[in-house]
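This document starts with one chain, in the form predicted alone, laid out as structure tokens.
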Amino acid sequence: MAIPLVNLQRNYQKYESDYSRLLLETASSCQFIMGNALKQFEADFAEYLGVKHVLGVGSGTDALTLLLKAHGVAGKTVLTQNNTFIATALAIGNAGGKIALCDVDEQTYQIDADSYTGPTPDVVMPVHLYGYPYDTEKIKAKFGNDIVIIEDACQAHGSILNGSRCGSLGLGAGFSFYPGKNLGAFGDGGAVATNDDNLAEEIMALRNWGGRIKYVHDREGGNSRLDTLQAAILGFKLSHLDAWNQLRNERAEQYRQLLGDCQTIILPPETPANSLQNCHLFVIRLKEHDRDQVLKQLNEQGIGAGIHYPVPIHLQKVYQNMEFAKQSFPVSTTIAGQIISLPMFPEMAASETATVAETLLAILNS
């Protein structure tokens, strides 16, 4: 039986009656835009994260873009890492900022601020990649305590660093609710989290055509609002998030036990003390094997493995004329050719995890 990278059907089947009820309640209320369910979800997610404000928007990309735009990065330099999804860099450009890249730590795959040798950036945007909580104190140690930090928390729902939720560690954070995320909607969606009242006020206007009052527009905004229906679904899922993350961690620990003796596999980094990674993805590295051939064989045998992400930002065609495209990022470039994401979702059975591990080991030993 095939084992997909992510299986959303099992979640839907288990909670079908709850989802159907929420769909009908939203439809009967006719509050399709900016309804009560959105206000409730924003309040609940803010309490969960330990921040003052959560603002639902159209996507994770919009969340990062609006955060950067509200902070006023137009013409300013924003530093991020080279091994992230393209949306991180696109958000900087969409907000009018200048993209600066640095390499990543070989052990954690997170931003390595010490590898950056350019002028001090105006903003640093670390990514809690794969759900691993990045220690933002490393950025302060490099650039000073006054450096502005905006978190890309699009994969970090529920992750914790030193007792604090990811999304509460900087000036603001952007979350994605793409269906495959740990907290996923029934379509696109995102949210901004912040403790800054002025920033929240600006984003409330920017997401709603540049104004807080109907037909009164103070600035050039857009249309980026989280639908009430998606908010209702997310509100229900939020109540299960910690339990689902625990299930992911159980599968991750099983992977570690089954694959730990293989000398040619580099396992994901262990979580720091007093912290939690949500195991959004379980990403291994292959030291001595042809990654693409291994991936091909896994897929041929019904294992839905994948790659997150195969092409570093500096090698993307869209940025071929940028100055950073000429720079060298040896760690992230090497990692991109070695990583494989193994199946990971809360409803995954222990027997399926064992099958994935056994299949992988058989391929590597053949």
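All residue numbers refer to positions in the sequence shown, first residue = 1. Every value quoted in this text rests on a predicted model; they were computed, and no experiment measured them.
We do not show the form predicted together with a small molecule, though everything after this point is about it.
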Ser224, Gln110, Thr88, Thr136: which sits within 4.5 Å of the small molecule in the model of the complex by any heavy atom? Thr88
From the list Arg207, Lys181, Arg248, His71, which entry has a heavy atom within 4.5 Å of the small molecule in the model of the complex? Lys181
So in the model of the complex, are Thr61, Gln155 and Tyr309 all sitting within 4.5 Å of the small molecule, heavy atoms only? yes
Which single stretch, out of 259 to 267, 198 to 206, 80 to 88, 240 to 248, brings residue heavy atoms within 4.5 Å of the small molecule in the model of the complex? 80 to 88
Report yes if any heavy atom of Gly189 sits within 4.5 Å of a heavy atom of the small molecule in the model of the complex; otherwise report no. yes
Taking heavy atoms and a 4.5 Å cut-off, does Asn278 contact the small molecule in the model of the complex? no
Should Val104 be classed as touching the small molecule in the model of the complex when contacts are defined as heavy atoms within 4.5 Å? no
Quick one: does Ala95 come within 4.5 Å of the small molecule in the model of the complex, counting heavy atoms only? no
